[in-house]
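In the form predicted alone, a lone chain appears below as C-alpha cells.
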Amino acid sequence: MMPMAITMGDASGVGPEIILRRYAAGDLDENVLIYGDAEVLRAGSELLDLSIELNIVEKGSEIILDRLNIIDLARLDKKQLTPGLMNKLSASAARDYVEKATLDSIDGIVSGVVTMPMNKEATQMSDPSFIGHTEYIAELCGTDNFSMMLTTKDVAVAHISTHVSLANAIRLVTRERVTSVIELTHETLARFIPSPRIAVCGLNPHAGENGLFGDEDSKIISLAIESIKSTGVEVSGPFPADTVFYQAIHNDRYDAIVCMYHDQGHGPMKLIGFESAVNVTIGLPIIRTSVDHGTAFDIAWQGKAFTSSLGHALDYAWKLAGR
C-alpha cells in the first residue's frame, strides 16, 4: 500500500514537534511520508535533543522504513524557525505542504493526507482568501459538496456548516444541504459499518418545540430526513441538540450525529474527546484526516504538547483506506 502523507504544519507551532517526538518514541507508523522542510526538522531535532535520521524522498526513490521519510519542499531554513511566533513565511510554507500532499494524493502517489495544524491568521498574511484547511483542500480537489466530520471511538459528528458566522450558518440550513451531508456521512461510515445509525440535530432549541421556537426544523430538516429515509438510510430526527449526544454515547443509539453549525457539534466533541478526536473531510475524492487541535504557539517546541492526536488521525486515515 502507498504511504500515508503527513503535512508538517506551521513550523512555528506544535505540528513538526509532535511528528519528531512521536517518531523518536517509536509511535509513528513507518509507512508515512512527511511533507515539509528537512532543515526545520533537523533544527527541531537539535532543539528537542533528539537523534533522528531523515531520508529525503525524491521522484522515483523509495521510503526507508527505519528513517523519517520526507518530501523536502525546501521553503524554510534553520534561521526561519521561530517557535511560538506568528510567522508569515512558515504559514505560507505550511500551505504549500498541504498543496503538494493533496495533489500527490489525487495522483495516487500517497494513500491519503493527514494534516498537522496551520494558523489561519498567519496564513492570511500571504493569502487573504484562506479560510481553513478543509476549504483549501476541497478547492484543490475541485469539490464543492463536502463537509467536516469529527470522530471519536464513540460517535462521529458531521456539520452542515463550519467556518461561517452564526447568522450565515442559519441561512445555510437548506433541505438540499441537509440531505447532502446525511448522504456523505452515510457513505463514509458505510465503509466499515454495515448500516450506520444517523441522528440529525434540530436547528432551534428543543428542535423547534413544534413551531414555538421556529419552523426550520419541521419545514426543512424533517423533510430532508424523510427523503433520505426513503432510500434505505437509517436516519432519524430532528432531535434536540442538548440530549442527542447523551443518547448516542451513553445509550449507544447512534453511530453519527449531523449538526447544523460549527459549535453545535464541536462543543460536545471537544468535551468528550479533546485529545482523541479526529477531523475528517467527507465528500472528497481523496482521504483526508487531521488532528483536532491548533498550532498552540504558547507551548510550541517546549516538549509539552500531547502527541496522541496524530496517532488517532493516522489510524483513522488508514481505516478509511482499508488497511
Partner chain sequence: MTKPLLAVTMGDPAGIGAEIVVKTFANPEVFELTQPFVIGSSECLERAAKQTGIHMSINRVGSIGDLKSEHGIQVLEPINFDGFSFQIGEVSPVCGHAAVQFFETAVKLCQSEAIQGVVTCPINKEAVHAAGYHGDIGHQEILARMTQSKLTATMLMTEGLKVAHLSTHKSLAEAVEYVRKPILIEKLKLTVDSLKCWGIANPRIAVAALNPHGGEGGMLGREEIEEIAPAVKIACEMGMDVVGPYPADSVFYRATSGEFDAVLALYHDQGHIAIKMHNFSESITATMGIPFVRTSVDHGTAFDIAGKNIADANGLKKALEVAIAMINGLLK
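Positions refer to the first chain, counted from 1. These numbers come from a predicted model, not from an experiment.
Here the subject shifts to the form predicted in complex with its partner chain, a form of this protein not shown in this document.
Contact with its partner chain in the predicted bound form, defined as any heavy atom within 4.5 Å, is confined among 136-144, 95-103, 236-244, 178-186 to 236-244. Although the partner is absent here, Ser222 lies well away from its partner chain in the predicted bound form, with no heavy atom inside 4.5 Å.
Although the partner is absent here, Lys120 sits close enough that one of its heavy atoms falls within 4.5 Å of its partner chain in the predicted bound form. Remark: Ser165 counts among the residues lining its partner chain in the predicted bound form, judged by a heavy atom distance of 4.5 Å or less.
Contact check for Gly44: no non-hydrogen atom falls within 4.5 Å of its partner chain in the predicted bound form. Put simply, of Ile170, Ile228, Met86, Ile109 only one has a heavy atom within 4.5 Å of its partner chain in the predicted bound form, and it is Ile170. Contacts with its partner chain in the predicted bound form, taken as any heavy atom within 4.5 Å, map within 235-266 to Ala241, Asp242, Thr243, Phe245, Tyr246, Ile249, Tyr261, His262, Asp263, Gln264, His266.
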